[in-house]
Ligand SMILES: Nc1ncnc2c1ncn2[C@@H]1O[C@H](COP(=O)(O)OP(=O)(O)OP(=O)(O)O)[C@@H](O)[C@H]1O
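Next up: a single chain in structure tokens, the form predicted alone.
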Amino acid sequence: MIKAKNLTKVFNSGFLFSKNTITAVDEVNFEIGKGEILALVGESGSGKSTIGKMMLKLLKPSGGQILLEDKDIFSISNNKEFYSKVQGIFQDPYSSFNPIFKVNRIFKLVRQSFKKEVPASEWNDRVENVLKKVGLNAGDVLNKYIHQLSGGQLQRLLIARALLMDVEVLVADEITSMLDASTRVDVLEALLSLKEIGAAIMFITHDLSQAYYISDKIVVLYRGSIVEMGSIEKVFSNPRHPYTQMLLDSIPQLDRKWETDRIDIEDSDKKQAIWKEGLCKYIDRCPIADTSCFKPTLKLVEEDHYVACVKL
């Protein structure tokens, strides 16, 4: 359905002689099939949102391609055609709506822009059915302004809009991070409605428990590079990369106090292993690394499970 092929994004900073470059995304490869949810995880600054923005044509890659059904998305000059197939939902739902319109007016604009062929009466029925599908009552939301609704209701409205548009690809970037715990499951369940219609979904998150709950596949990013990827079950049950292991060990457990035996880099010999070009990006934090750890490539460690580590 949609594929990233050697996807790279380099940002420039500074001026003239003090010019610096930052590689935010470094030759990333992955594929999301029809009806699949791929979780993109990693700490802040790992390149997750940059990849999401490139998939939505909000940023242009410095290298590589994003292919939608084998066609480079940046060769699609008709943006209306592109955005009828590919949509995004972001962390702050309030910024995604025009605050001067009521919800019913927003849905009418969707029909006018993307679904003119659907008769008005049929559209109204579809709106009501889709709202039910995402756990909303049409009578409760259609005549409301955006400021009269909660963040959870707005995120579900955005998912309802994607359902009405029959989108093929959805980028969901931290869509539950501003919601309370009781609302998050409702939004995740609504997101599964898009999977049911065959949409390919990228689920960008910091929350590994949510990634496990909803996703089929996972890509773990560190400093713009993939360190581990594969089926969600295999990566969670058998994490092989030290960074993935550290992330999973950091998930709080309800049945015990949080404890850690992670190495303190400042008090270990590892502080001497400073990353430089050609070495693994994780070398200065890795408990098993040494200066022989040259930049790794992804290798298959079991079926549908890839790891980038020369020690494995």
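Please read these numbers as outputs of a predicted model, since none were measured by experiment. So that there is no doubt, residue numbering starts at 1 and follows the sequence shown.
Quick note: we don't show the form predicted together with the ligand, though the next part is all about it.
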| query | finding |
| --- | --- |
| Partner contact for residue 287 in the model of the complex: the ligand, 4.5 angstroms, heavy atom | no |
| Interface membership of residue 244, the ligand in the model of the complex, 4.5 Å heavy atom rule | no |
| Residue 132: touches the ligand in the model of the complex, heavy atom cutoff 4.5 angstroms | no |
| In the model of the complex, residue 47 touching the ligand (heavy atom, 4.5 Å) | yes |
| Partner-facing stretch of 278 to 286, 61 to 69, 39 to 47, 26 to 34, counted where any non-hydrogen atom is within 4.5 angstroms of the ligand in the model of the complex | 39 to 47 |
| Proximity to the ligand in the model of the complex, single hit among 115, 105, 206, 144 (heavy atom within 4.5 Å) | 206 |
| Residue (of 174, 186, 216, 168) lying close to the ligand in the model of the complex, criterion heavy atoms within 4.5 Å | 174 |
